[in-house]
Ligand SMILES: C[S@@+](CC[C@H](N)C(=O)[O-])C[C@H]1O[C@@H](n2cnc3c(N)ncnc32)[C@H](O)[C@@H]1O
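One chain is shown next in structure tokens, namely the form predicted on its own.
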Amino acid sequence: MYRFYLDVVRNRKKGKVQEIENLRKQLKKNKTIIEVTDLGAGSRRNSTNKRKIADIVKHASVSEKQGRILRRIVDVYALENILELGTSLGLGTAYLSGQSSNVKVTTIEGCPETAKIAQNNFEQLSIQNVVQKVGAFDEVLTHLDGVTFDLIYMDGNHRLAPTLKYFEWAVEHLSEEGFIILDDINWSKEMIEAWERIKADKRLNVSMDLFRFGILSKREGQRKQNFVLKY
């Protein structure tokens, strides 16, 4: 925990992410309207499935500060096999792609229109270690049985029952020293309840609450502890 706090949470080194942030600025100016296929809890800001790309970036993408946390976890712990549930426009995916050539990211997106834009963004950033799969999580995950991941980032469904179901899948497919990251743990009452249930799971000994992120790890042999971290 001491290493995690110093090297990941409190680390203020900028790192090589300027290209990602330049892309974010471009997307914030993009007024193109797309029709979003939302298989999760939907948006609390929009009653329609038609949304501006600029609004998706503003309300649904990880911030630079949060993205740097994702990048540092990947780099500091030399993680190699990463799974993301919920690509969106791909900014979080870009951070997860890390700096090492050994990193491989599999990302799943349920909306074909959003996935197209994300793929274009990966190409613009010259990211070649991301494999994007388009479809419902339940369907795509059946093809990943038997695969073990060093990091599983859950950011695609904000309802209680699906979150708990995908968590169960994640625990069974997580490496011994790996991490599960649950996004938006304070987004709604359902997500708060999901986080409370998940962090109490006896198969995981470490849970860290960063307000937006909930980070979990098995860390066998360590006494079970829950931490609230400010950053």
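Numbers follow the displayed sequence, beginning with 1. None of the values given here were measured: they were computed from a predicted structure.
One more form of this protein, predicted together with this ligand, exists but is not displayed; see below.
Peer 1: Select, from the options 27-35, 168-176, 54-62, 190-198, the stretch whose residues sit within 4.5 angstroms of this ligand in the model of the complex by heavy atom distance.
Peer 2: The contacting stretch here is 54-62.
Peer 1: Considering this ligand in the model of the complex, which of L141, C111, I73, V130 comes within 4.5 Å of it through any heavy atom?
Peer 2: Of the listed residues, the single hit is C111.
Peer 1: Using a 4.5 Å cut on heavy atoms, which of V147, A136, A78, A161 is close to this ligand in the model of the complex?
Peer 2: Of V147, A136, A78, A161, the residue with a heavy atom within 4.5 Å of this ligand in the model of the complex is A136.
Peer 1: Please tell me whether any heavy atom belonging to V105 falls inside 4.5 Å of a heavy atom of this ligand, as the geometry stands in the model of the complex.
Peer 2: Flag for V105 set to no.
Peer 1: In the model of the complex, does G98 have a heavy atom within 4.5 Å of this ligand?
Peer 2: G98: no, not in contact with this ligand in the model of the complex.
Peer 1: Wondering, does L91 line up within 4.5 Å of this ligand in the model of the complex on heavy atoms?
Peer 2: So L91 counts as contacting this ligand.
Peer 1: Is it the case that N121, even though its partner is missing from this view, gets within 4.5 Å of this ligand in the model of the complex, heavy atoms only?
Peer 2: Looking in the model of the complex, residue contacts with this ligand do not include N121, since no heavy atom lies within 4.5 Å.
Peer 1: Can you name the residues of 149-187 that have a heavy atom within 4.5 Å of this ligand in the model of the complex?
Peer 2: Stretch hits, in order: Y153, D155, G156, N157, Y166.
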